[in-house]
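In structure tokens, the next block holds one chain alone, the form predicted alone.
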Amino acid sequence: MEIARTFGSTQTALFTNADTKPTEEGTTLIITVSSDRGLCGGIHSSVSKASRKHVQEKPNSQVVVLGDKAKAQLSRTIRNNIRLSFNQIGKATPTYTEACAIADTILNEKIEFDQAIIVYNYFKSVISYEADTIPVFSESTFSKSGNFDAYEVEDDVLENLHEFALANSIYWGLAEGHASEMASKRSAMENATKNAGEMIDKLTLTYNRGRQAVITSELIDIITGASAI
């Protein structure tokens, strides 16, 4: 994850230093990074809520969903905006090859955009995460950057940079999301184990009280019968 974060922050710094900004009338692609598995608290709800917020701001945005959990949540409200979805996500540690395959599929589907927004869960600590975004810009948008002339970029390099930026951003989001999901699952399982332990203790206490009551009642009957004799 640290390697993905380093490459991702470096790429984001490039767009920042080049003063790359999306145009108001430009098209937007929202890529929601989730997974197929549950039992991890509200980690999927956080990225779904953030994605819906972006769609509300730009109703014509197209949405690509990574993972069945977020797809099920987003399909209830913005089904018409979903252009593409992927499953079998989150079963193992994300790889750059997996991110490249996702990026290639998006580009091969001819999904045009001026700006892509990667919505993912940023890993802050073992007990904390938050929904965040990674910006990715198209070739035309980047070439119109305010400081673009400071970079000597040829056309073929610009195309390769666009493809790398998309794949790299997806990989960063997958790595951060996977770490957040594993930490959330750990916390959820710890809470479940704690609650189960408390339930067992309460049931054991109730059982012992009932058992003691029966024994006491039987002893009273025996003593009473012995006294009568």
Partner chain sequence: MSFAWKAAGISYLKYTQICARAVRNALKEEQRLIAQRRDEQGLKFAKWESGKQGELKPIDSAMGNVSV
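Residue numbers count along the first chain shown, from 1. Quick caveat, the model's predicted, so the values are computed rather than measured.
One more form of this protein exists, namely the form predicted in complex with the partner chain; it is left out here, but the text below deals with it.
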property	result
Contact test, all of 9, 12 and 139, partner the partner chain in the predicted complex, heavy atom 4.5 Å	no
Single option in 50, 29, 167, 175 placed near the partner chain in the predicted complex, where near means a heavy atom within 4.5 Å	167
Heavy atom within 4.5 Å of the partner chain in the predicted complex - the one residue of 204, 193, 56, 160 that qualifies	160
Exercise: residue 96 in contact with the partner chain in the predicted complex, heavy atom 4.5 Å	yes
Distance check, residue 130 to the partner chain in the predicted complex, heavy atom within 4.5 Å	no
Partner proximity in the predicted complex: residue 117 to the partner chain, non-hydrogen atom cutoff 4.5 Å	no
Contact test in the predicted complex: residue 109 vs the partner chain, heavy atoms, 4.5 Å	yes
Residues within stretch 66 to 82 having a non-hydrogen atom within 4.5 Å of the partner chain in the predicted complex	71, 75, 79, 80, 82
